[in-house]
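Below sits a lone chain in structure tokens, taken as the form predicted alone.
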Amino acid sequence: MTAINNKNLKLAMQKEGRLTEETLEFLRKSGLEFESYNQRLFSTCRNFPLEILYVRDDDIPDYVASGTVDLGILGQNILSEERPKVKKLLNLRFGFCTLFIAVPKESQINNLSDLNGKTIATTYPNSTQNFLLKNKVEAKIVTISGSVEITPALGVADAISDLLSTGSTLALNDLRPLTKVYDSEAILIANEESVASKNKMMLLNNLLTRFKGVLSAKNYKYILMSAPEEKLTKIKKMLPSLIFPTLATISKNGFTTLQTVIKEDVLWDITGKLKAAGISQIFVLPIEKIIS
């Protein structure tokens, strides 16, 4: 096995689980070339001084905090639960989920105050306890390492606190959500000493430029259209672009090609207005990266 190069940045990610595939996809979209498969413990990037370590997600905070690795990609839920001494650098906009408190469908517990004196089973005892304290609720917390959904049916708990990406798990176990504790997504964290190191920060800034380029591109779309010249002023005012709409230098038959970049969350509203203004064909293209 090839040894890890200690001069390289080291990043820990989940070896196998909920975030694994999306993390690999994100790293590759960032232009990093490396090999990965289930038996591999680490990979060396061919085109960037980075070593990727594949570990249990619960171990990532300790690896980063201790300086075993410089960076980690994990769920915000783990950071909120364990509160290690690390620096959060970026939200990565994938792996979305929510920590919910849920109760059996037939339960008489209908609001947060009804949990006073009740028992809650969870794999997130610290997050759940902090939430209850903040809301002045006194309940008993039972820490469960496996599936918590079955505990109300077994009589172990009156409610559960669990991480959910959809409501299907609750429905399958005859549970209903009572209240949200927090939202979570994948994040990038760093060792505090690595961030303070001049040599490491040079590499880290280069890596962050790649990551931010991918994240920026996810929020924007490139649009291309042919617009009547007499309507250009009106149409340009409709386009809240990333920079400014760019006009092609060639006009033909009274039409000019117009291209711009807009946020995806306003895409359908803007394209609707453009069609109403007389634009018959609008081409919407994905953007791989935006470097700024």
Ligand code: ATP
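Keep in mind that this is a model prediction, so the values were computed, not measured. Throughout, we count residues from 1 along the sequence that is shown.
Form predicted in complex with adenosine-5'-triphosphate: not shown, discussed below.
Checked against adenosine-5'-triphosphate in the predicted complex, the residues 217, 164, 137, 208 give one hit for a heavy atom within 4.5 Å, which is 164. Scanning 175, 181, 115, 97 against adenosine-5'-triphosphate in the predicted complex with a 4.5 Å heavy atom cut-off leaves one residue, 97. In the predicted complex, adenosine-5'-triphosphate sits within 4.5 Å of a heavy atom of residue 57. Although the partner is absent here, residue 18 sits close enough that one of its heavy atoms falls within 4.5 Å of adenosine-5'-triphosphate in the predicted complex.
In the predicted complex, at least one heavy atom of residue 124 sits within 4.5 Å of adenosine-5'-triphosphate. In the predicted complex, adenosine-5'-triphosphate lies farther than 4.5 Å from every heavy atom of residue 128. In summary, the region of this chain contacting adenosine-5'-triphosphate in the predicted complex, judged by heavy atoms within 4.5 Å and restricted to 218 to 226, 190 to 198, 85 to 93, 70 to 78, corresponds to 70 to 78.
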